[in-house]
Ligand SMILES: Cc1ncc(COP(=O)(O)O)c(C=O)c1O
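Here we start with a single chain on its own, the form predicted alone, put down as structure tokens.
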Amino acid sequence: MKIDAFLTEQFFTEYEFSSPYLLAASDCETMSIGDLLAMSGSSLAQLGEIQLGYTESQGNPQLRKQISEMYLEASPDDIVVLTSPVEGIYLAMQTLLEKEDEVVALRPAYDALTNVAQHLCHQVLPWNLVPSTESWTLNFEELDSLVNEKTKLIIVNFPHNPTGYLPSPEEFERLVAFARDRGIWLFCDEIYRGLEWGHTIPSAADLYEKSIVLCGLSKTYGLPGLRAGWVVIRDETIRTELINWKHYTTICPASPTEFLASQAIRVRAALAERSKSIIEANLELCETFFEKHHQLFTWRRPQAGSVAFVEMNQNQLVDSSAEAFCHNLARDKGIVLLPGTCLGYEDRFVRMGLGRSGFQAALNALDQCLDQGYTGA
């Protein structure tokens, strides 16, 4: 049984490592192992002492304790350490979903959040974020119309990739209450948690006993090469079933990754502040850029996270296609923006990544192309 193409990763496979100007990355600026260890007060010598044997399937108990302290209601037993954050999506969907189930998933979305569910069950219905003049909003009336007795799961991601949307605490509590009243599971991808510069919201793990929360060190903390992640599951039965699925996939985390993850969590506040300072500087560059190019772009400033979803004026694009523009821009100019079509959305949006220190040089390159009249031809 085939699964839908993973369009985001296919696009990055084609352009990410061969293009000089990456404007679409969702992660934040990274660092070396040596720099991370120095920051945490550890050393390469300690890393060198790590034994390369099997580890506990659920994860190192001390690491799980560290992670649980990031939540109000989670215990170390509620944590399952992953071999990669995306593994948590696969394991959760395999654990929860049967063929006859239906799922409601917030859209636009990272491919894995919808494609794995679509592969496993009867139907995945999109719950669309709604663009207003300057921001994005949730439509709870639409959500209510999508849910029925077959709905097993609602999938959301906050702070949201790719729009940078963050619901108010009242809106998030309304969503949790909606799921609880109907006995629906809530899968909440919180991989960008910690990148808020206005209001914050609680973790779903602290609000709802039938939630599965995904998080990790790739985005907020700038450590995607570490592949460190976890899920928080307070329901013991579901957690046990998920660990059984893990036995069929990766079995256990890598011991060097667990050691380095532990070091990163010790200094997580400093890592997050480092990322936020880069994003905030890049957001100021965006304000100037999009004011200059307002005829081509509609800029909705993100509320949180390290990405923004930018609308393009199709009348100024060759073939009226943002997707064609992105491919041609990468091939012709070495500048990478991610088409919104990769994220299941309309062909007039592109994702821009705000967390890298090379953002200014890449934005300047795009600015020069547009000044020269480039429209994707």
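Quick note: we count residues from 1 along the sequence shown, nothing fancier. Here the structure is a predicted model, which is why all the values come from computation and not from measurement.
Same protein, other form: the form predicted together with this ligand, not shown, and the subject of what follows.
Engineer: Ok, 274, 152, 239, 227: which has a heavy atom sitting within 4.5 Å of this ligand in the predicted complex?
Structural biologist: Comparing distances to this ligand in the predicted complex, the residue within 4.5 Å is 227.
Engineer: Looking at 157, 203, 211, 114, which is the one with a non-hydrogen atom within 4.5 Å of this ligand in the predicted complex?
Structural biologist: Partner contact (heavy atom, 4.5 Å) among the options: 157.
Engineer: Report yes if any heavy atom of residue 164 sits within 4.5 Å of a heavy atom of this ligand in the predicted complex; otherwise report no.
Structural biologist: No.
Engineer: In the predicted complex, does residue 110 have a heavy atom within 4.5 Å of this ligand?
Structural biologist: The answer is yes: residue 110 has a heavy atom within 4.5 Å of this ligand.
Engineer: Answer for residue 80 alone: is it within 4.5 Å of this ligand in the predicted complex, judged on heavy atom distances?
Structural biologist: No.
Engineer: Answer for residue 85 alone: is it within 4.5 Å of this ligand in the predicted complex, judged on heavy atom distances?
Structural biologist: Residue 85: contacts this ligand in the predicted complex.
Engineer: Which among 276-284, 252-260, 189-197, 122-130 is in contact with this ligand in the predicted complex, heavy atoms within 4.5 angstroms?
Structural biologist: It is the stretch 189-197.
Engineer: Please determine whether each residue of 26, 89 and 219 possesses a non-hydrogen atom within 4.5 angstroms of this ligand in the predicted complex.
Structural biologist: Checking in the predicted complex: 26, 89 and 219 are all within 4.5 Å of this ligand.
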